[in-house]
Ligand SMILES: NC(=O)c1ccc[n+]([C@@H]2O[C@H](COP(=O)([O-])OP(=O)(O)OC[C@H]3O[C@@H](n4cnc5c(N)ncnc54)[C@H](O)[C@@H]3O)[C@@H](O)[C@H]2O)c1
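Single chain ahead, written as structure tokens, the form predicted alone.
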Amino acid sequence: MTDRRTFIKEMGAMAGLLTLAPWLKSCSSPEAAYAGEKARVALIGCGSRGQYHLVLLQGMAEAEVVALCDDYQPNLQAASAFFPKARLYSDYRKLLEDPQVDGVIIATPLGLHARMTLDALDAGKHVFCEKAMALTLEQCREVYEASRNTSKSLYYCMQRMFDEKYIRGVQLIREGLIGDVVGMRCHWFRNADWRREVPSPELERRINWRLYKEYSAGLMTELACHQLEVCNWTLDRMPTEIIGLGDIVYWKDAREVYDSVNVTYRYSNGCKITYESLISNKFNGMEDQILGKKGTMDLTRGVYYLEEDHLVSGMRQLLDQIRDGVFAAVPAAGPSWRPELRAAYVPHPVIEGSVSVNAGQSMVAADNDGSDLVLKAFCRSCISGEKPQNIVEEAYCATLLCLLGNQAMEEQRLIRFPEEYKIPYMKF
């Protein structure tokens, strides 16, 4: 299997790739261009996701972690074990006054993203923020405008944009491999209450922030944000209408956000995203499926399936013909329908050599999801001062769709994409 950094470099050399994914530019630059230079970065928010970033930064030649910040002391102490020499802060505003910090990584609850991002940009820092962009539509617009009026880089951790199987998959779709895209099906299922242990009652909302609307927009921004961005990227346009239903079906524990959501997004050409997520059953796992007239691209697994597949064996074709003949021989007075059973499609790897078949399921290793590459790109931007292309815009578009999905569910009506939040980047 090709090393994925080599893959990115090779992809960057291919005609049209940087038009498809212009944010890859810094990833495909020679390592020697940054040799000996380090971005002095600080982490704001030292919980589980923040500590995940610290693990990645430990192996990154372009980065030096100089400061850590969290107002919850146990998290701050846990993070300091990764970088014992880093300066410690309990107030992020004090950290932003530190002249030795070039860029900040924000891994705090969603409700804090916009304010911290705006303050960091105002302080002259480069910013890497976890998704989603903000908690409200108004905040999203404010951050977007601020990004246009600063010389500093702003990144969002939309790691699928840096994931090789997604990059190659979208490229194959654009080249017509699966024909015209006629629909998209995305879902993300888990079976857990999303709760974390709370050492004392007054910390409930701070530690379990995902459950409360003051800090969180629930399943849409926590999970759907990644998947909706991929759909927009694939079609190179935005939906015009949104409708959906959301409920608290199982976890009736005083949480305020839905534990079950079903949302449909419709594009101007009639193509739709059907999105579903719940956290009380994990049977179906996670899938990002792009449905074409000639085939299906399963971006999550890094495989595609063709409707007319020449690799299907002659015996299988014969059996299919027999089956079709049996169902076709229906008496005139019999049923007027035939069962449409799922066919046994042959999986083809998006990246040659990357797929193993276990129990009939084709899977790609989940650890190479692009998280380290987007973080590396950020550190390189801190060094070079070069702003990334389209990352802010993609995060803005995806976050707005999440928030509009929540609005459609809460108001139980069809939402049309609001004119006041359209930006030049968008196509409809």
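As the structure is a computational prediction, the values presented were derived from the model and not from experiment. Residue numbers here begin at 1 and follow the sequence given.
One more form of this protein should be noted, the form predicted together with the named molecule, which is absent from this view; the next part is about it.
- Segment assignment from 124-132, 285-293, 301-309, 232-240: heavy atom within 4.5 Å of the named molecule in the predicted complex: Stretch 124-132 is the one.
- Item | Position in contact with the named molecule when the complex is considered in the predicted complex, options D102, E222, E142, E164, heavy atoms within 4.5 Å | Looking at the other structure, the residue within range turns out to be E222.
- Note which of S260, N75, Q171, S147 lies within 4.5 Å of the named molecule in the predicted complex, where distance is taken over heavy atoms; exactly one does. Checking each option against the named molecule in the predicted complex, the one that comes within 4.5 Å is N75.
- 4.5 Å heavy atom contact with the named molecule in the predicted complex for all of K213, D253 and S280: No residue of the spot touches the named molecule in the predicted complex.
- Item | 4.5 angstroms heavy atom contact with the named molecule in the predicted complex for D180 | No - in the predicted complex, heavy atoms of D180 and the named molecule never come within 4.5 Å of each other.
- Query: With the partner left out of view, is N390 within 4.5 angstroms of the named molecule in the predicted complex by any non-hydrogen atom?
  - Reply: No.
- Contact of M297 with the named molecule in the predicted complex (heavy atom, 4.5 Å): Heavy-atom contact with the named molecule at 4.5 Å: absent for M297.
- in the predicted complex, does S80 have a heavy atom within 4.5 Å of the named molecule? No, S80 sits far enough from the named molecule in the predicted complex that none of its heavy atoms falls within 4.5 Å.
- Would you give me the residues of 155-171 that have any heavy atom within 4.5 Å of the named molecule in the predicted complex, in order from first to last? Heavy-atom contacts to the named molecule in the predicted complex: C157, Q159.
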